[in-house]
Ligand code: PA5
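One chain comes next, on its own, written out as structure tokens in the form predicted alone.
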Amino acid sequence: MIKLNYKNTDEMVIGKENGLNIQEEFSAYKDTIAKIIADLNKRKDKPEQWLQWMNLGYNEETIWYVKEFASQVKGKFENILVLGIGGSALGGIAVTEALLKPYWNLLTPEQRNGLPRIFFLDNIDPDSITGLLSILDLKKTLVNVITKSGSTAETMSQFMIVKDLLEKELGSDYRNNIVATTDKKTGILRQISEQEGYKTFVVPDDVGGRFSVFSAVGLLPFALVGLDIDEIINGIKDMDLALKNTDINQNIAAQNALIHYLMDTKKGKNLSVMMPYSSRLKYVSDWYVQLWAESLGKNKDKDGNDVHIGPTPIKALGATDQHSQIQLYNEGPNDKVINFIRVNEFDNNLEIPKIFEYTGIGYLGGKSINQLINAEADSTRVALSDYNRPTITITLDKVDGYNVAQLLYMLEVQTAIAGELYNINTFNQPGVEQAKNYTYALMGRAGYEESAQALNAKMASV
């Protein structure tokens, strides 16, 4: 199991002004946390609670269909192209970057054991889209378009471009190169898929995009590039079992949620830095940024009060960002909680040769890069404590499907618990919807004519 070390948030380490009396706080919130955990697990099976993501590890039917389809198309495609944005892409990017061999898309087919390359188009930059489509052989590409509503302008505009190109190159056979992941019954993409005859997978009801990584949204791309789905599912199940424990002293998601909440509300530390010391986990930080920001940044609480709350997530990478951000973290405003992710065992052990022994860098010879990166992590953690800065360390034994699944699921549960502590709706996103509606108006979507007029007037005045 992954481990959580919160010692450097305690006042005994970083002082009363910046730290918490952890055991006192755990004791004070023991009953509240127990109630939150029990309530989340009680509500997860009820409709319209948006907690079905807590059941995704047990969805045997989806797991079977994903494996079956991946088996059917194995060897037929050289590329997987995922069209999606936000929660439809970030989880897939985070997991594939973590679990595939580094520089996967640059490896030869033999080095990839005949498995396809994978590309995510998660933005609508015209140069990036044109550049990628110019180097992909679409005849040998399986396109996975992901949007629950089917009306996401970014994803569907990409799809319209790719579908048009596929049809021109393959004629009526283009349908074999498309698989859609969308709502089970409704939405534009569901309608198109049924009319055109695409293979489809389902984004489950009551699962928001940022919590969808372990649905077909993520599992399908994972299976298509040969990741061990069973290992991932086992990680989710074991972590889910551990996080059902209502005792905060035994529940790492509850511990980290409460520490972040109290650091924000009591100590004014409303920035949450996610800093893995592993390049393979770099995109976990991107995924975390959406999870934390969209879930906890709200202007009203459940009682309708204006609160305008939410800790701001920041992504970083160790050791890279020691050379760009740590100066600020140590000597700038003491308004952050820094989350380190540390890996005990890397897949490779890289020795540093014993050369230049007559110089000031000779001490590095005979050591390993493995030792160095973890020394960097440990020394940065201690240095931050010298400046009375709170840090938390999450430790993975290794970067594999089991541990990465545990990490992501733990952070999802942590977010849900934090939302309850803040007394806000963790699962809506009205601030995002407003911008979407303005985009529809600007692009001429039917029904948004009045909004377009009002928006154009506003834009002319600012």
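Note that the structure is a prediction, hence the values are computed from the model and not measured. Note that residue numbering begins at 1 and tracks the sequence as displayed.
Note that the form predicted in complex with 5-phosphoarabinonic acid (PA5) isn't included here; everything after this is about it.
### 313, 116, 310, 86 - the one with a heavy atom within 4.5 Å of 5-phosphoarabinonic acid (PA5) in the predicted bound form
The residue in contact is 86.
### Message
Using a 4.5 Å heavy atom cut-off, which residue among 256, 215, 147, 272 comes into contact with 5-phosphoarabinonic acid (PA5) in the predicted bound form?
### Response
Residue within 4.5 Å of the partner: 147.
#### Entry: Every residue of 18, 22 and 388 near 5-phosphoarabinonic acid (PA5) in the predicted bound form, heavy atom within 4.5 Å
So, no: the whole triplet misses 5-phosphoarabinonic acid (PA5).
### Query
Taking heavy atoms only, is residue 294 within 4.5 angstroms of 5-phosphoarabinonic acid (PA5) in the predicted bound form?
Yes, residue 294 is a contact residue.
### Message
Can you tell me whether residue 209 touches 5-phosphoarabinonic acid (PA5)? I mean in the predicted bound form, with a 4.5 angstroms heavy atom cut-off.
### Response
Yes - in the predicted bound form, heavy atoms of residue 209 and 5-phosphoarabinonic acid (PA5) come within 4.5 Å of each other.
#### Entry: residue 290 within 4.5 Å of 5-phosphoarabinonic acid (PA5) in the predicted bound form, heavy atoms
Contact check for residue 290: yes, within 4.5 Å of 5-phosphoarabinonic acid (PA5) in the predicted bound form.
### Query
With the cut-off set at 4.5 Å between non-hydrogen atoms, does residue 34 touch 5-phosphoarabinonic acid (PA5) in the predicted bound form?
The answer is no: residue 34 has no heavy atom within 4.5 Å of 5-phosphoarabinonic acid (PA5).
### Task
Among 22 to 30, 405 to 413, 431 to 439, 62 to 70, mark the stretch whose residues have heavy atoms within 4.5 Å of 5-phosphoarabinonic acid (PA5) in the predicted bound form.
Going by heavy atoms within 4.5 Å, the stretch is 431 to 439.
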